[in-house]
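Heads up, the chain below is alone and in the form predicted on its own; it's given as structure tokens.
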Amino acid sequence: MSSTKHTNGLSRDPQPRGPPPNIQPRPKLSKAERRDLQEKQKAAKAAAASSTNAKDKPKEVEKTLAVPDKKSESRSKPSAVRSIARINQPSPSKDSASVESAETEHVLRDLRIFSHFGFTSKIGSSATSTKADIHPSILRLALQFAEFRIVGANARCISTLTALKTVIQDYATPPQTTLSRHLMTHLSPQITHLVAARPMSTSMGNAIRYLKYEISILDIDLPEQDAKQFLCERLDHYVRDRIILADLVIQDLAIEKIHDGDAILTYARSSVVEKVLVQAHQAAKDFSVIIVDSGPLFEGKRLLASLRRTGIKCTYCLLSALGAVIPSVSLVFLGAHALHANGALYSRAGTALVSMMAKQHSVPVLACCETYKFSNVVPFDGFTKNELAPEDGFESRPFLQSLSPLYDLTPSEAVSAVVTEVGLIPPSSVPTILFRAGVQE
């Protein structure tokens, strides 16, 4: 048989395979090239849709900018979009503390140089409360910290140890465990709640480390009531030895540097410096006090009222007038929030300016500081660790923020000597004191 079939007398030849001769074949694309092509097509469609709907639905576009998609949150956003989103967001209510804290964190993220600063949180809301059982004394103390009713390193440390004593006295050891192993687990959420109100100070941190050490050396076989009584007594001894008696020794040493006719300058308010001045007045020494103050706390006003009640001659001025009064000053007394291992003085913001101005005019600067405020940290500036002051009395406006750091760092060269319970020492002797304290422990 013939392999060729005939239809109506015509032969049907097999059709040639492959593309037509006039059409170029499509080049083969890799997976990455196909993905790029799809993304470009999607971007072109989205741009065309946005340009079409921009004129018809401007409100919907604003809502889209104000509430971004969750998938696009991880991508980088231009600053203009962030600004429009912040404008379109509704202002948070006063009762919603969680929204306020989130907004504060958002603002601090925008200002990168202040993003790591501690800020005061609203206490009593779900944003700052933990699920653990917080003792009422801790709740009350945290509220006082947040509202700046208790300020000062000594006052905060004493109030913290007093509240922890109450927690320890009301503590009951759960079954199948011991006090020395479970008590610190019970105290951890209490301390966390206090830190949520205000960042922990150096004095509080050292006191809490001392309490942890005393808990760790408790005898497991010691009865619970005796163990709690022992811890409470150790805390009382810590306050008595490291704060109260230390202040008395500092007063005696500092009074020896005050002479009749001296004009003593102090900045803001320090409880130790206040006791030194009152004790010197009671010792019948004739001197005057110049109180330099600055915002936002204006603590010098309370110091002025306290000294005036005792009959001390006082002059009150703001930090901007320091250059006018410093030539008549014979001695400068400063308080301390902490004294670091490199001899730098960490105190209320403005202290560095007062110290360096006094050094420029050859005026001796004495810092009154207990040794329990010494720190092993070696900071180089006041931006490494700081805290933002409250915005009381500040009128909030769009694109305007109140950023007032509470502390600054004074270099050791600007401090003549440090008055401690171990004597008058140079700032460079701080590591020696810390080493001896560690050996004794």
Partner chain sequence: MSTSPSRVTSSIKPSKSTLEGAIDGAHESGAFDIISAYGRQLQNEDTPMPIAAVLALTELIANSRAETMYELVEALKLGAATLKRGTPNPISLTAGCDLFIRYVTTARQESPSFSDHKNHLVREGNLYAHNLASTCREQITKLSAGFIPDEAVILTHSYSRVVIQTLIHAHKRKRISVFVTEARPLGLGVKAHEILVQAGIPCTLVLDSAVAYIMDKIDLVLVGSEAVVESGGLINAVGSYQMAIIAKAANKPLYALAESYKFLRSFPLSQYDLPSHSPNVLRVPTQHASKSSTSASRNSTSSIKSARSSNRCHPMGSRTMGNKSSASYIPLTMTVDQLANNPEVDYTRPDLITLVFSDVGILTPSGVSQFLVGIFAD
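Numbering follows the first chain given and starts at 1. Predicted, not measured: the structure shown is a model, and the values here were computed from it.
We do not show the form predicted in complex with the partner chain, though everything after this point is about it.
Under a 4.5 angstroms non-hydrogen atom cutoff, the partner chain in the predicted bound form has Leu331 among its neighbouring residues. Using a 4.5 angstroms threshold between heavy atoms, His182 stays clear of the partner chain in the predicted bound form. Put simply, Asp252 is close to the partner chain in the predicted bound form: some heavy atom of it is within 4.5 Å. A residue is said to contact a partner when one of its heavy atoms sits within 4.5 Å of a partner heavy atom; Pro364 meets this definition for the partner chain in the predicted bound form. Between the partner chain and the residues Arg234, Lys275, His259, Lys212, the one pair within 4.5 Å by heavy atoms in the predicted bound form involves His259. Relative to the partner chain in the predicted bound form, residues Ser416, Gly423 and Ser429 are all within 4.5 Å by at least one heavy atom.
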